[in-house]
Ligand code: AMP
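Below sits a lone chain in structure tokens, taken as the form predicted on its own.
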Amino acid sequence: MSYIRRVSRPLAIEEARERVLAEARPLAAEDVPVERALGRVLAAEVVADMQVPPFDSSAMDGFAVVAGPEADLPVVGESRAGHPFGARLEPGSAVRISTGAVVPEGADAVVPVERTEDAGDRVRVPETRQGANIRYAGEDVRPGDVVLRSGTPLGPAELGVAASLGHAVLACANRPRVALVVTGDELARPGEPLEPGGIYSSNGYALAAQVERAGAALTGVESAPDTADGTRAALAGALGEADVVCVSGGVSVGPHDHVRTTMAELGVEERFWGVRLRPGKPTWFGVRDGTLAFGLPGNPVSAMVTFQLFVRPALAALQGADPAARRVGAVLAEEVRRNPGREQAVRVRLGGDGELRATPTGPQGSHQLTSMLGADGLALIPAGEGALTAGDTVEVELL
């Protein structure tokens, strides 16, 4: 007989998230070429071993001079990017210089070309102050500076900074391997004819996109029939190849819901079943030998919302990133009825001048996938009686 540990009460969103994060330990690191590291999470600090810029350079196209009064000067040479002027600049002379080129020894200012009268071998420059238009060595980064911290998601700016310090590879957390299993006899692939009672499957596509956006690696999407044997075969394969398994559907208590029983038979220890959340109450979570397993509801919106609230933080934590979601305060643009027993994740658009306003995207049924269209975030509505009215402040988790 299979044993399933019961939970006496559904959990609040934050308590369920805490239980997930308690099991999500960072994965090992690997070296990744900087040109392929976009979207990865840094696993070790990047410490500068050089200064940036590495030398005093010109911020303008113009002439390098010794600061002083207006003067007519002979042009004694040129400094351009990658080809410095090879001598010391003496007072009373000028060197033609390009943006980014080395400021010659002896020069202490650069006059922009548009402020000069250039006669080729001579140039008239206005009065110039010391330090004008020079980028000094080490102005941006000094040796020993920690420029990127472990746990930083790598975007274009981070990659640019790493490259500017000469880093060809970066230590990044391994991308979590995620296996998706979509249950349901009624599901058909888009493009196939629908049988009587059938619907097109959307969860596999939407969840796969969420996996990719979370920086994880999708191992595959498998469909499972509403049978014990079919569910077992799909889950056994998924548990054997992934760091995280997400199942949509089959987690409730109907006669054709086999996920919880099968997970227990496969050695997955249940951590919770049920969250005081609308949509998403039957969400399930368990663990086997470090593999995290999520049973998400089958309704399309419920699956996407619970992925955002529980799976996304786990994927961040596995990569050593901050699992906390970005949240903002906003005022409701219209009334929202509260649910007496459950928190609600209301799909909203954000906008407004000065004051951030949250407008529900339309009907909020868990089967109405169009409620996710244009949604910028999930407005978290506390459980309770009555309604929140237009102008009330709510917390919004950004998507």
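Please read these numbers as outputs of a predicted model, since none were measured by experiment. The numbering used is simple: start at 1 and walk along the sequence shown.
Below: the form predicted in complex with adenosine monophosphate (AMP), not depicted.
The single contact residue among 320, 279, 300, 104, judged by any heavy atom lying within 4.5 Å of adenosine monophosphate (AMP) in the predicted complex, is 300. A single residue from the set 158, 118, 78, 186 has any heavy atom within 4.5 angstroms of adenosine monophosphate (AMP) in the predicted complex; that residue is 186. Annotation: in the predicted complex, residues 199, 202 and 257 each come within 4.5 Å of adenosine monophosphate (AMP) through at least one heavy atom. Within this chain, residue 295 is remote from the site of adenosine monophosphate (AMP) in the predicted complex, having no heavy atom within 4.5 Å. Mapping the unseen interface onto this chain, residue 154 falls outside it, with no heavy atom inside 4.5 Å of adenosine monophosphate (AMP) in the predicted complex. Contact annotation for residue 182: at least one heavy atom lies within 4.5 Å of adenosine monophosphate (AMP) in the predicted complex. Among heavy atoms of residue 286, none comes within 4.5 Å of adenosine monophosphate (AMP) in the predicted complex. Note on the interface: of 305-313, 119-127, 324-332, 249-257, the segment with non-hydrogen atoms within 4.5 angstroms of adenosine monophosphate (AMP) in the predicted complex is 249-257.
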